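A single chain, nothing else alongside it, follows as structure tokens in the form predicted on its own.
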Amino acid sequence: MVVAMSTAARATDPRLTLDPDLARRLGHRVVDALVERLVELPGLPVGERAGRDEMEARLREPLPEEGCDPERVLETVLHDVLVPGLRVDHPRFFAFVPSPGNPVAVLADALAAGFSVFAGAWLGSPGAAMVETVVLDWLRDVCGLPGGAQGLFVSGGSTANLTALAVALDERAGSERPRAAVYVSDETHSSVERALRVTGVRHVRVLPSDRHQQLVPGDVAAAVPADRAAGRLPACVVATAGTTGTGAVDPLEELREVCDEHGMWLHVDGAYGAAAMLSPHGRARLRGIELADSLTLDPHKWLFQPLEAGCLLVRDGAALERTFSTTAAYLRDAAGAASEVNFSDRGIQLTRQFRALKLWMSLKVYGAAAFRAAVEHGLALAEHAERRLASDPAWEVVTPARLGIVTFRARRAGASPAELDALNAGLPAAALADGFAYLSSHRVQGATALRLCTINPRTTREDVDSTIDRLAALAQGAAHA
């Protein structure tokens, strides 16, 4: 028999629980808020700025000694915590890389948290371990990697790249890591720089990309003999399958040949672009991705999952455990049988969230065909944006639509390069202040370019057209300011 408690008593319950009726009421309010937001999102501003003073006024308080009404706390979260900031799932959010999510995945995250699933060891949750294994095999097959490839889910591309580079250095440098040289381009994601710093790599060759924003295999091949002559050990090439700035894909087949010739590991950062392998158009753009020794991809980008959901696949799956598996007396009982997967042996985390559940549930509910159509929709939107921009003399297309990204610049007759840079650099902030849409910028061949990333499956052609029209008005206003 459940004895009802007062609101105050519930809020200060030392058992840290809630009576069932209150828990249900709170849960219904949360679900209602999520559904309302999904319905209302297209009519909301794409983001709302709030400075530190404003947020201090909203949320600063001493540590509460006594609890208060949980329903009031929830309303504070809904109005003061969650409203300010960028709405990265908004259909007119084109900046950085949107994270559109989907409602099934949101429910999956709630289930994984509510059931306190420990996904570090088979013993903790055989269901979680099996679901993660199945989803990894699905992704492996989509990307064309061989059957021996294994992996794990992590927080995102940054952790996936760090994990991959730790494996690469163990496999190709071992105890000679201080001599290891790693080759990247100036378009390589910043997380790789951080990962190399953390893993202690002192010899990083940052090679200039070509006019297509691609790493040049010949430049890598030319750098290797010089490094060997200087006593370094060429260990790894980091290629990108879908750069964040322009959607460029490095020549993966040619880079594989260079790596094979010189005994180097090929890591492909496909955090953004690898999921496009679901579509025929994407597979054509990503030719050679199946040749990677390790591959990063982020389901919370182009596989439409909520944050956080990153993934790493390694061609020689056993290499993960060679790098990360440890033994400790307190883990003996969780060791399990040889056929049982302990994902804590494949990466940095021992305590792990059940991140794979949301992608598994999403694919089960919607099916791969729906995901494929969503990816194709994002590709088509970028191509539509390119055509629209190219037909308007107010704009200059800088890089064509590639994997859902197009870059462009506002033109202004008689303006100097510096004036055009200033005009274009100011448009993202002007768009955010306007609230209708948001986009980001990038430096392309020494000049500032605007950038649309069109991967949200709920974005329409009308959203793209109206955003370009709104940007044109903002640019014209800035030009006359």
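Numbers for residues come from their place in the sequence shown, where the first is 1. It should be emphasised that the depicted structure is a prediction, and the values quoted were computed from it without experimental measurement.
Although not depicted, the form predicted in complex with a small molecule is the subject of the following passage.
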Listed range touching the small molecule, judged in the predicted bound form by heavy atoms within 4.5 Å, from 318-326, 275-283, 239-247, 256-264: 239-247
Answer option from Lys358, Arg92, His300, Arg346, heavy atom within 4.5 Å of the small molecule in the predicted bound form: His300
Partner-contacting position among Gly156, Gly120, Gly101, Pro251 - heavy atom within 4.5 Å of the small molecule in the predicted bound form: Gly156
Heavy atom of each of Thr407, Ser441 and Leu474 within 4.5 Å of the small molecule in the predicted bound form: no
Contact of Leu379 with the small molecule in the predicted bound form (heavy atom, 4.5 Å): no
4.5 angstroms heavy atom contact with the small molecule in the predicted bound form for Ser185: no
4.5 angstroms heavy atom contact with the small molecule in the predicted bound form for Val97: yes
4.5 Å heavy atom contact, Ala271 to the small molecule in the predicted bound form: yes
